[in-house]
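What follows is a single chain, given as structure tokens, in the form predicted alone.
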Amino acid sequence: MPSPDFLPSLVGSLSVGAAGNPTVAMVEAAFRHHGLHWRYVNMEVPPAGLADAVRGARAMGFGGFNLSMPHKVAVIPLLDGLGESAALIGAVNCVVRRGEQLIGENTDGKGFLKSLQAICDPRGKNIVMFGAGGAARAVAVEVGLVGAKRITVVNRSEPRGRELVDTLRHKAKLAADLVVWRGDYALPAGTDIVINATSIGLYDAEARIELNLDSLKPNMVVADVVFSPPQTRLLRDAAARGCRTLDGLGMLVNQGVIGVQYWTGVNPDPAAMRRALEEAMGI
């Protein structure tokens, strides 16, 4: 039996439907690139087994783990604490061991923000965001915390949209409005950044966002959280109208970068991680 000194440190992903997760290739590539003696293990965990899985990760000394839906909310009472944005968002996708404690973080919005900041500073900007689900909550909180001027949430479900807007207004102290999504939405004058934070377009390159394309202007930044395909119909339509576009792959890569930073203390090379991700996705 090998000495514990030679065993790799472990992190993992607790997923429902774990097969084919491209994040594994991306994170493992970061470990190899930096010579880190770590492994990232993907595990399928049904909802009924989540508490046992967290206890097991704690007992086995995992450095942390990622979580997919529906575990992102259910895991909260099993942890020792939450980071600021995870508490505001009300969901956890990344758990980090700090001393003897397991602390919940949310890298969804942080990954998006880092990707967005590479082409546009959201500070002082008017943002229109489609969606009010988990990804939308994470994105809205993070862009709000760095000083977005106003966030307009466009969502089909009024109760869900209202819940997000109330969170942004009362907990994060941000200027936020709700528009109930009925038919093609026309972006208001003065919009700086447009974000699709829904799953529309995921694995469907022709799926259409109900958006009045004539309201897209060349000075706008249009971003999509969908990572497959990287060039969604929304991004193609926006680029054709002179908008600057941002695909969801950057968000996914930056989520991985932040997770590796949390777990290992090393700042990994995003280019090496993106290459591995694209290869795993066959891009």
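Throughout, we count residues from 1 along the sequence that is shown. What you see is a predicted model, and the numbers here were worked out from it, not measured in a lab.
Below, we refer to the form predicted together with a small molecule, which is not included among the displayed structures.
Contact between Arg156 and the small molecule in the predicted bound form is found at the 4.5 Å heavy atom cutoff. By the criterion of a heavy atom within 4.5 Å, Leu202 is counted among the residues contacting the small molecule in the predicted bound form. The closest non-hydrogen atom of Met251 lies within 4.5 Å of the small molecule in the predicted bound form. Residue contact with the small molecule in the predicted bound form: Gly133 places a heavy atom within 4.5 Å of it. This chain lacks the partner; the member of Ile127, Ala197, Val143, Val92 within 4.5 angstroms of the small molecule in the predicted bound form by a non-hydrogen atom is Ala197. For the candidate set Leu234, Val225, Val27, Leu67, a heavy atom within 4.5 Å of the small molecule in the predicted bound form is found for exactly one residue, namely Val225.
Only one of 170-178, 74-82, 134-142, 116-124 lies within 4.5 Å of the small molecule in the predicted bound form by heavy atoms, and it is 134-142.
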